[in-house]
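Next up: the same protein chain in two forms, each one alone, written as structure tokens (structure 1, then structure 2).
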Structure 1
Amino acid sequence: MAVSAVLFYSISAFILVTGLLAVTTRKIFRSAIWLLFSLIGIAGLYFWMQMEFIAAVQVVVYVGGIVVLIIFSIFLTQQSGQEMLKPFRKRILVSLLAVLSGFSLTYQFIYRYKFVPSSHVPIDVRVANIGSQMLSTSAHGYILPFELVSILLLAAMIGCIVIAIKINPVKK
């Protein structure tokens, strides 16, 4: 097996294991840390595919922004050491059924698709080209998704503020 295949499978296994630990752990702070590792693994996968800009955006936006806000909100609610409730057996069975049906559906899509080599020119992934397309309002511009990511970060910040605010009853 080639070194690149071993590296891909290693990164993929790391992402899957840390994602599974993020979902199954009963401590909320540990869950956030496992999510952090999973997102770092996804950034590593982008680096492996030589998409350095997307990997940097992954690290800055998700690892540096969203996960840090989640961790701050956990600490501000003073519930970082508490265990989450045990899920009901019915929920576990429904979750397993959903995962298995998702895997089978994905497998069916991949199995039925005929992969043929493309004769198109590869995409230019220089940072200057990405920046001009991201801020362009033309047919191939990405200003709308860029603004949606900004709104996502704003919503995460507002959510952290709302969670952090403690409502004290007025004493008379």
Structure 2
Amino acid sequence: MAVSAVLFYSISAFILVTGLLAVTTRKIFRSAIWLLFSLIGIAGLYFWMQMEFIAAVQVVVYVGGIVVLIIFSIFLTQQSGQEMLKPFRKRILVSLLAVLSGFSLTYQFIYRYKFVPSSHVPIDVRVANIGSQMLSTSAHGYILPFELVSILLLAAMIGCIVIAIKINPVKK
């Protein structure tokens, strides 16, 4: 077995184990840390697929941004050291059933499907290429989604402020 295959399977195992721990542990802070590891593993997977830029974005946005935000909100809303409430046993059973059947259903489609590998010359995935195509106005340019997403981000920013703003109690 080649080194790269070994690398892949070990990264995959790492992602799945940490992901599973992230959704099952009863300590919320630990859960956040397991999530962090899982996301780092995914970044590793991107590196493995030679998508360095995406891996970098993954690390910067998810690991550096979202997880920190989540930990921050945990500090705001949670007493430290407290265990979370146990989920209802009945719901665990039903969810397990649903998830396992969904997984087997989906995976057996994937397994049976014959993917046709690409025969074209691979493109060079450099940041310069990504940047020029994203901002291009030609047939395969992504300038319009780019603008839309920028507006969405602005809207989300304003939305966060409006939602979280503290409303002064009305004077009687």
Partner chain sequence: MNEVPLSHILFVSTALFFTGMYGLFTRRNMITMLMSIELILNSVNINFIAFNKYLHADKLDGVFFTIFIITIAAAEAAIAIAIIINLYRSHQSIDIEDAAEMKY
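Predicted model, so just to flag it, every value in this text is computed and none were measured. What we label the rigid core is the largest C-alpha set whose atoms superpose within 1.5 Å from one form to the other. Please note that residue numbering is based on structure 1, beginning with 1 at the start of its sequence.
Shown as structure 2 is the form predicted together with its partner chain, with the alternative form given as structure 1. The residue from 61, 130, 25, 146 that marks the hinge of the rigid-body rotation between structure 1 and structure 2 is 130, the others lying more than 12 positions from any hinge. Relative to the larger rigid part, the smaller one has turned by 19° between structure 1 and structure 2, according to C-alpha superposition.
In this core superposition, residue 135 moves its Cα by 3.2 Å between structure 1 and structure 2. Superposed on the core, the two forms differ at residue 153, whose C-alpha moves 7.1 Å between structure 1 and structure 2.
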